[in-house]
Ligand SMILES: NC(=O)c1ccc[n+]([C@@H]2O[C@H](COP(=O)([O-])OP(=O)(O)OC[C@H]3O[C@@H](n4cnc5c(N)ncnc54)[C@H](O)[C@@H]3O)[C@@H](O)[C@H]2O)c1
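Below you will find one chain, with nothing else, as structure tokens; this is the form predicted on its own, and questions on how it binds or moves follow later.
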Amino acid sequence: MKVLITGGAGYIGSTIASALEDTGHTPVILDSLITGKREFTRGRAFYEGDIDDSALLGRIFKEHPDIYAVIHCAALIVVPESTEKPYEYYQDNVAKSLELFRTLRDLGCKRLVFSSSASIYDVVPGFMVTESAPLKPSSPYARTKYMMEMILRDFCAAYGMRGIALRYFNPIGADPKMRTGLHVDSPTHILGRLVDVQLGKLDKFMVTGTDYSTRDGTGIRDYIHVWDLARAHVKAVEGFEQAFQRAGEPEDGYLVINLGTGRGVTVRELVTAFEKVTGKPLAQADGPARPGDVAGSFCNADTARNLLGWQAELSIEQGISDALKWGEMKDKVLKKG
């Protein structure tokens, strides 16, 4: 099976590409390399360009007419930055995705798996959310993900396309084989910051937000190993038609599926797990919540199990261990390119 991955040179997209290859499939990568890494495309069919370039997409499908589905990962993803640069986020994430969906429709590509986000959920009592939980995207980034979902849903209903929106919770870790991992120099990703403190790149870890109504006052999240996340995408494309059958063939041709472990972990609990893995105390300090941050949520993962036959398998400790290993060898891996 051949699968086009937009944003396939990024952290998650490149890991999905590896998971596809490991199960006998062929990824085709489209990435602008604004944030992605060329090194993550080594040995793969790769096209450098933007998702709204209809001529480039036409060329990709002409050269790969057997593409079965598209996994759409390309997006700007930093919550605080989105509050400072909303134009860029709406332009890159929403406007360009609209053109991507239109071009895919015109090319006759009717299967699309979309990288959505749990950040679109409202905070609910108990913090566990199902796919039917109320939505309240609280940052420009989250609102772009919500808008992209609505656009895709309307396209599916109107044009005979089918879409699966995978609402990610909080990815951690790296490809266990160390082919790819988090590659930005100054990560806002929580585990990336913990690793940077461990490696001496940051003086201390800031616990941002300590007065939420959680069990210890810090934000609560569902930390899912990026390899588990990647495996879910393989399940989604391999079992695309079966997922719709199991869901009773929804009239609008659209499915929403949470991807998480089903376990809520606070920031302080994650720090404790990090210290357990490293065997060392971590320099840390408390600070205010960042712009756009909320108390958080964790996942009810029943739908993923029922529709995709998938569940998370790797522990938080494994995610921390893989992130640390990647942090130590990242520069060497990237220099190979």
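Start at 1 and count along the sequence shown; that's the residue number. Bear in mind the structure is a predicted one, so any value in this text is a computation, not a measurement.
Omitted from view is the form predicted together with this ligand, to which the following refers.
Checklist entry - 187, 220 and 290: each with a heavy atom within 4.5 Å of this ligand in the predicted complex? => result No, the candidate spot makes no contact with this ligand.
Checklist entry - Can you say which of 92-100, 196-204, 130-138, 244-252 gets within 4.5 Å of this ligand in the predicted complex, counting heavy atoms only? => result It is the stretch 92-100.
Next on the checklist: Is it the case that residue 153, even though its partner is missing from this view, gets within 4.5 Å of this ligand in the predicted complex, heavy atoms only?
Outcome noted: Taking the distances in the predicted complex, the answer for residue 153 is no, it never comes within 4.5 Å of this ligand.
Next on the checklist: With the partner left out here, check for me: in the predicted complex, does some heavy atom of residue 323 sit within 4.5 Å of this ligand?
Outcome noted: Residue 323: no contact with this ligand in the predicted complex.
Checklist entry - Can any non-hydrogen atom of residue 82 be found within 4.5 angstroms of this ligand in the predicted complex? => result Outside the cut-off, so no.
Checklist entry - residue 261: heavy atom within 4.5 Å of this ligand in the predicted complex? => result Residue-level check for residue 261: no, no contact with this ligand.
Checklist entry - Here the chain is shown alone; which of 192, 171, 209, 176 has a heavy atom within 4.5 Å of this ligand in the predicted complex? => result By the 4.5 Å criterion, the partner-contacting residue is 171.
Checklist entry - So which of 74, 257, 104, 113 gets a non-hydrogen atom within 4.5 Å of this ligand in the predicted complex? => result After the contact test, the surviving option is 74.
Checklist entry - Are there residues in 34-51 with a heavy atom within 4.5 Å of this ligand in the predicted complex, and which are they, in order? => result The stretch touches the partner through 34, 35, 36, 49, 50, 51.
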